[in-house]
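The chain below stands alone and is given as structure tokens, in the form predicted on its own.
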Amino acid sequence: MRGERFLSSLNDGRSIWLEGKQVRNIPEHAAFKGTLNTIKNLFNMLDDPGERDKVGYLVADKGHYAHSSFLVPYTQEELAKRNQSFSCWSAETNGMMSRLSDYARSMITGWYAARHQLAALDPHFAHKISSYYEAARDNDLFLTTAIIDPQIDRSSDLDDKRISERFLHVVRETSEGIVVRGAKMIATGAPYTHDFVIFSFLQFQTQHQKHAHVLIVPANSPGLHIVCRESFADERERNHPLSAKYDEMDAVLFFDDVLIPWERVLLYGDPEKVLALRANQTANGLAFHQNVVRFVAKLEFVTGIAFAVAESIGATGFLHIQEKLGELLTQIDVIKALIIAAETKAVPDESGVLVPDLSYIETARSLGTKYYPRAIEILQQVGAGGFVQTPSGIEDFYGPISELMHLYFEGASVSAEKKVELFKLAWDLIGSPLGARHLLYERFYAGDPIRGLANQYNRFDKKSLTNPIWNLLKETSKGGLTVI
């Protein structure tokens, strides 16, 4: 089964650091075991005849199923199949795992799909991306991105040697490839990825050639150190149901003179070409599409919990609670409508690939930075003080005061034990370290939300809206009216 093969592939000599120690057996480590079991089950869906068509497609010339994030869409049916695969995995994880590889896989698929139009960037690009795309697809490679530079001094730039020497850069070229040194963040899923897709959000200048690159880096590369944040995993699943299964580990990557083979160097040394690849509409459209499909599942999960909490305490009859729960439903409908619009208005790129309309996708991503914090706020308001009145553990229902526990924790519509389980689930989402991480993630995973909205404005054809205004004023002036 693919899931088992995935787990066994992780003990490949990679250098993972957690709490000052190097992790030796990744699949069995308490910080990763629950999450990896979740991923294993997702991978196994591709081997289940009853499930594989939901998440995968048959690769015609290979005779095996691959995840639909690798499917290049030329028709509305194929675009819908990609949506179905994202929706399926997101529903299985309640939208709580945003980096299940389908995002980074979609980016690779987009570059592959646009390889002929991108050939102008580098004569070897089409061959390199084709070879890698097929290897990743046929070997079920788990991929993630690391595209942010370390927070050292935001007031300085690459002209400051303190910054330029610590941001990832090329230190020398060899016949085998380039050697890079520096750090990258935030690599979600880093301990259990096979490869990292590496580039930067910097606005490069001509003199920054050594920092301009797009790389695919194996996780077990010699000299690469994966430094994890504190683990939020908790093996007590009944008390911490989300932390037990969905802690996507985040990490900083240290590159201590890491050799990147030439076949894994997609671009290097030309800032303008790197920026052009980063802005490719095909790759961004396919990858960001996954973002917003996954987000629907997360909003539905928060809304379901809020509904259940309100019902459990008999609060659904209050107008102010109904208003808040209705607001959650509008969030879901707005994002769903934007996905439908993006898919319906998808247009073929130069290669005939059907790409979701990025304007609607970007709007959904921008709204998401505000919707999720508001959804969590509503859930907090619905459950209120009940969230800090739950007992320390479900085990209390089986102890000496069991009778009192059932008496005083009973809900309006559910048993005391079920109510406590529900409130512990909700607390794991709004009050645990994992919940705090998710709030931060949804605010910033798409980048600076202010810059995101500003970019939408800057890219928009503003004359399509302002010309009718000036034309109206022109017609008014012709009519001899005085405009005040």
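Please read these numbers as outputs of a predicted model, since none were measured by experiment. Start at 1 with the first residue shown and count on from there.
The same protein also exists as the form predicted in complex with a small molecule; that form is not shown, yet it is the one meant from here on.
Task: Region of this chain that lies against the small molecule in the predicted bound form, out of 32-40, 50-58, 445-453, 64-72 [heavy atom, 4.5 Å] - done: Going through the listed ranges, the match is 445-453.
Open item on the list: Please determine whether R154 contacts the small molecule in the predicted bound form, using a 4.5 Å cut-off between heavy atoms.
Closed with: Yes, R154 is a contact residue.
TODO: State yes or no: in the predicted bound form, is some non-hydrogen atom of I186 no more than 4.5 angstroms from a non-hydrogen atom of the small molecule?
DONE: Yes, I186 lies within 4.5 Å of the small molecule in the predicted bound form.
Open item on the list: I'd like to know whether T144 contacts the small molecule in the predicted bound form, with contact meaning heavy atoms within 4.5 angstroms.
Closed with: T144: contacts the small molecule in the predicted bound form.
Open item on the list: Although the partner isn't part of this model, could you tell me whether H240 comes within 4.5 Å of the small molecule in the predicted bound form, counting any heavy atom of the residue?
Closed with: Heavy-atom contact with the small molecule at 4.5 Å: absent for H240.
Task: Residues L46, R105 and D138 all lining the small molecule in the predicted bound form, heavy atom within 4.5 Å - done: Not a single listed residue reaches the small molecule in the predicted bound form, so no.
Task: Among the candidates E300, E362, E343, D250, the residue which, in the predicted bound form, approaches the small molecule to within 4.5 Å (heavy atoms) - done: Spelling it out, the residue with a heavy atom inside the cut-off is D250.
- [ ] Report the residue, out of K81, R294, R99, K128, that has at least one non-hydrogen atom within 4.5 angstroms of the small molecule in the predicted bound form.
- [x] Selected residue: R99.
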